[in-house]
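The data below hold one chain only, encoded as structure tokens and taken in the form predicted alone.
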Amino acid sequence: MAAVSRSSAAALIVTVAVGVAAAALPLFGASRYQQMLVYYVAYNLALGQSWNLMSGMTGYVSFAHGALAGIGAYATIIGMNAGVPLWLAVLAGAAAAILASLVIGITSLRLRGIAFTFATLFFQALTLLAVRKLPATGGPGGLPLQEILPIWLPQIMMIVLAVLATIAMVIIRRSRTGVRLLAIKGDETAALSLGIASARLKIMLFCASAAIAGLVGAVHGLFTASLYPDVVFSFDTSITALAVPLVGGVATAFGPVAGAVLFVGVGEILQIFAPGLHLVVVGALLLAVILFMPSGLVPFILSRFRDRRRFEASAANPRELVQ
């Protein structure tokens, strides 16, 4: 237990240190382009962790996280344009996403497997349709942010959010709640027979996951300073939320970090050589990971490293091989 606590503390310290280093990049002369790359890694990481918290830990695959982020973005920009202070407007974005998650969760979390996934897909499409029709959202023409904010502010906010989301994942992954959630993922019927209140846990987790997605959308709305429904509620956002943890390592705290770095890196390379093939390459990457590394990139590398250490230890002490 002490070893687990020490490893958790080390993981939290490393996470905070990386976040502080990323936020301090402008002080060390990083270019605007490098700062943008760090921002998008933080954006993809925070969005991926929000999906990982719910779908990675329970096995309920959601395609609603793009819509939840979009709801957070619209709530925040509408609030800012109405004169609500920045922090209250951002919190309103999280609250709106939580409210939406309650609507989805209460009605669809009783479903299992592909039925839940289709329910979240339907919610994404319905939200896009509603936002296009509502006058308060600006309709298809979009909604601009009337106040000009310094660009460094949403950058710092997104880095802090990515760090906090990763810390939340570290804590939940190594807690009793995390064990219960993984039991639900493994066999929900067996988990229910052991007295685990799966319905309550799933709703609570979906709300927490939606709060992170809503905050991600809120901060990204401040960053872009204008919202267009076809962009904000694009299916790509939900695919990104899903792809980042699946590639890096689903239900792990640091797999999405690798996934976010890889996702941004691949995107930048494709912008140069094949700008229209981003989704195709992401799809191929996902397929390759699912086929050859089902647990994700980080768990695969760690398992190979452990196997190599065991082999070297056995080679150094041949008696272990005999035994």
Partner chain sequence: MTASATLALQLVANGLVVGGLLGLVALGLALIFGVMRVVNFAHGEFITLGAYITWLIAGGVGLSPFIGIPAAFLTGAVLGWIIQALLISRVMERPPLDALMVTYSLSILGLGLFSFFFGGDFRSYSEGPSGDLHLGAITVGVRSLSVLLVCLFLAAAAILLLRSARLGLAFRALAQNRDAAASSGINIRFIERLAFGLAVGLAAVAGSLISLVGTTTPTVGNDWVLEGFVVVVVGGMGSIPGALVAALLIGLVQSVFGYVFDDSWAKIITYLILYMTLLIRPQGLLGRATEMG
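Positions refer to the first chain, counted from 1. Given the structure is predicted, the values throughout are model-derived calculations rather than measurements.
One more form of this protein, predicted together with the partner chain, exists but is not displayed; see below.
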Worksheet item: Using a 4.5 Å heavy atom cut-off, are T117, F123 and I239 all in contact with the partner chain in the predicted bound form?
Response: yes
Item to complete: With heavy atoms only and a cut-off of 4.5 Å, decide whether G113 touches the partner chain in the predicted bound form.
Response: yes
Worksheet item: Does the partner chain come within 4.5 Å of any heavy atom of F63 in the predicted bound form?
Response: yes
Fill in: Distance check, G265 to the partner chain in the predicted bound form, heavy atom within 4.5 Å
no
Worksheet item: Using 4.5 Å between non-hydrogen atoms, is L279 touching the partner chain in the predicted bound form?
Response: yes
Worksheet item: Of these, M169, L246, L181, V90, which has a heavy atom no more than 4.5 Å from the partner chain in the predicted bound form?
Response: L246
Item to complete: Could you spot which one of L129, L194, A82, A136 gets a heavy atom to within 4.5 Å of the partner chain in the predicted bound form?
Response: L129
Item to complete: Specify the contacting stretch among 65-73, 252-260, 285-293, 29-37, defined as having any heavy atom within 4.5 Å of the partner chain in the predicted bound form.
Response: 285-293
Practice prompt. Using the arrangement in the predicted bound form, list in sequence order the residues of 138-171 with any heavy atom within 4.5 angstroms of the partner chain.
Written response: none
